[in-house]
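Below, in structure tokens: the form predicted on its own, a single chain.
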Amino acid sequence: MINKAKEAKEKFEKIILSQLERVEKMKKKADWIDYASTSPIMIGLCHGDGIGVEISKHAETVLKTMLKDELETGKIKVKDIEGLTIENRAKVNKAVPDDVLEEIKKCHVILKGPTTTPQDGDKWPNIESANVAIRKELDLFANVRPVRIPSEGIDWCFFRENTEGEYILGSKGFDVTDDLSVDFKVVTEQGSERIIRMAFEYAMKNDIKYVTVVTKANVVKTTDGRFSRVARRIAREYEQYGIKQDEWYVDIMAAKLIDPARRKDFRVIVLPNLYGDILTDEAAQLQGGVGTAGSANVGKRWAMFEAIHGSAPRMVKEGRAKYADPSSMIRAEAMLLNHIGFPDYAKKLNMALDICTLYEKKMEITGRDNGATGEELTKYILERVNDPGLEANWKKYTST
């Protein structure tokens, strides 16, 4: 027993030292990339695996259609980055192969399809999530997930901390004995501050007067307690702009998101990693399912845009990949367009998606042959993007 405790102590010491090194790196200031003065803007396409291969193909069609002029003038370049499949990752026993990571770092932004994350007992090695690895390697500290249902008054923007919490050391936990397993949760002052400040800045720029902080600080007193304290400190800086902060515990917040009498009051929501992962899936389900929602992973130097769902290997195994819904990837694409300085393109694409998937619904994706294919839905979306009456039609649907 004493030897087991000693081994655990040594492992824990290594983890603490690595996290203290990360804190020192975060203390070093870095400037945000200026896309307006960047030419060419390099967009990398990582198709992933499973249904990621299929829905990324449709997202690429939309991207190249929307950016046709910029691609022709050389303002933007798009490159395919291969090798982020589970087969290749398992072959080298790494979450992200070194050559793939090198290519990713040559780009400014990444549009990424879903990737398989193995778990113990799978046929694959139990390697770390590719998403988590890329977020850590590129320091993509902000996971931004909008959920909008205009007809129900829902207009949420979630700011999920992306590089800490329970996930940062998800592959570093260990079995102390045959009876005791330990995982770790990490929250830092610097990591909390930058995501919370980003949420308040978004609120200020969009004239939103409330920022909701989600924790479980009454029970998880040390890590969530720090996140809560940092939020209160930063909130005081924004009081001069008329912005107020309120705090909700994650369990009751999960209930309030589905409460029609309360949910309209929320606008900007900032929360630690695990809570953000769970609540944004719940929120996406209200919008039509996780297949309809995209997300941005943003850092100062790089950004990655992706669907919020997984690779659905069962759909591929059953021959149903062509019926996978590409909406999530295309939503993420709209966020990418906005991020690199094309808000008008992003607006058109979001309106077309709203009309096609929320209101008009001339075709439905079911994931099976009784519904539309991803290719058919993509053509439908592009038809609406090119419709001269797009904005008028969108306003007609959203004002009722």
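Note that residue numbering follows the sequence shown and begins at 1. Just so it is clear, the model here is predicted, and its values are computed rather than measured.
Missing here is the form predicted together with 3-isopropylmalic acid; even so, the following discussion is about that form.
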query: Site test, Asp49, Met315 and Arg320 vs 3-isopropylmalic acid in the predicted bound form, non-hydrogen atom cutoff 4.5 Å; finding: no
query: Which of 259-267, 126-134, 79-87, 189-197 sits within 4.5 Å of 3-isopropylmalic acid in the predicted bound form, heavy atom basis; finding: 126-134
query: Heavy atom within 4.5 Å of 3-isopropylmalic acid in the predicted bound form - the one residue of Thr117, Thr292, Thr223, Gln245 that qualifies; finding: Thr117
query: The unique member of Tyr167, Trp156, Phe141, Trp302 whose heavy atoms fall within 4.5 Å of 3-isopropylmalic acid in the predicted bound form; finding: Tyr167
query: Partner contact for Asp325 in the predicted bound form: 3-isopropylmalic acid, 4.5 angstroms, heavy atom; finding: no
query: is_contact(Glu103, 3-isopropylmalic acid) in the predicted bound form, heavy atom dist at most 4.5 Å; finding: no
query: Any non-hydrogen atom of Glu282 within 4.5 angstroms of 3-isopropylmalic acid in the predicted bound form; finding: no
query: Partner contact for Asp122 in the predicted bound form: 3-isopropylmalic acid, 4.5 angstroms, heavy atom; finding: no
query: Any residue of 355-380 that, in the predicted bound form, places a heavy atom within 4.5 Å of 3-isopropylmalic acid; finding: none
